[in-house]
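Take a look at this one chain, the form predicted on its own, written out in structure tokens.
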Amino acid sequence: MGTKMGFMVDSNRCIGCHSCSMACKNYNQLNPDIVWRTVYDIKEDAYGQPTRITMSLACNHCEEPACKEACPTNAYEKRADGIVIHHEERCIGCEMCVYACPYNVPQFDKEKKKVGKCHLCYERLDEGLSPACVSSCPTQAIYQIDVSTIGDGFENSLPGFPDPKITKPSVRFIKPSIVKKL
């Protein structure tokens, strides 16, 4: 099995500060209404008792990317390392990828009339740097991983997340450690 790059998100460390989403917006110079990384509140009782949990999510760089399959202009490329890249210059703004992605990741930019999405900062990775979101996280809740080497013991889904069997996402989660009230 070859390299399969993705993200690991540790729900015990995410404090919902949005540093990751702001770093993504700044690095990629996104228009104000576009977000490629979002911090979500997980339903309070998702793990059996009231707990505040936030989770930072972006493109899952799926093994079988629905966005790539739906694109009529081949604007998507899946690199040998598993990163799914969108080539804006090939995009005609039809939004087929937006509708195809079960995670609602690709975003249509009304000003550019093109779609865009997280590309795992592949330019930074190629230079030996971490993605902007990873570098900015003050609690190290996000990091890039090679999914093919991390082994078992990590979740590939969250409460409310679409079935991972659909596209086989390359994101893994460390579940929250719930402290029970005595």
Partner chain sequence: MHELPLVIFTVLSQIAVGALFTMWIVDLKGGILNVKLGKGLAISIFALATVAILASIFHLGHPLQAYKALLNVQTSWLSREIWLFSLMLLTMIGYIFTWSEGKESQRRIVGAFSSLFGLIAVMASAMIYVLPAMPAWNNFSPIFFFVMTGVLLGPLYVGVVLYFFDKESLNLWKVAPLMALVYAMSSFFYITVLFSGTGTLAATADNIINHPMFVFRGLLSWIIPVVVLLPFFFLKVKKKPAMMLVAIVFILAFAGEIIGREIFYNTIVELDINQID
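Residue numbers count along the first chain shown, from 1. No experiment lies behind these values; they were computed from the predicted model shown.
This next part talks about the form predicted together with its partner chain, which is not shown.
Though the partner is left out of this view, K78 does not reach within 4.5 Å of its partner chain in the predicted bound form, counting heavy atoms only. The closest non-hydrogen atom of K43 lies within 4.5 Å of its partner chain in the predicted bound form. Although the partner is absent here, K114 sits close enough that one of its heavy atoms falls within 4.5 Å of its partner chain in the predicted bound form. With a 4.5 Å cutoff on heavy atoms, I166 counts as touching its partner chain in the predicted bound form. For its partner chain in the predicted bound form, the listed stretch (65-73, 22-30, 149-157, 134-142) containing residues with heavy atoms inside 4.5 Å is 65-73. If you check its partner chain in the predicted bound form, you find no heavy atom from any of G2, N12 and V171 within 4.5 Å. Contacts of stretch 77-95 with its partner chain in the predicted bound form, defined by any heavy atom lying within 4.5 Å, are made by E89, R90, C91, I92, G93, C94, E95, listed in sequence order.
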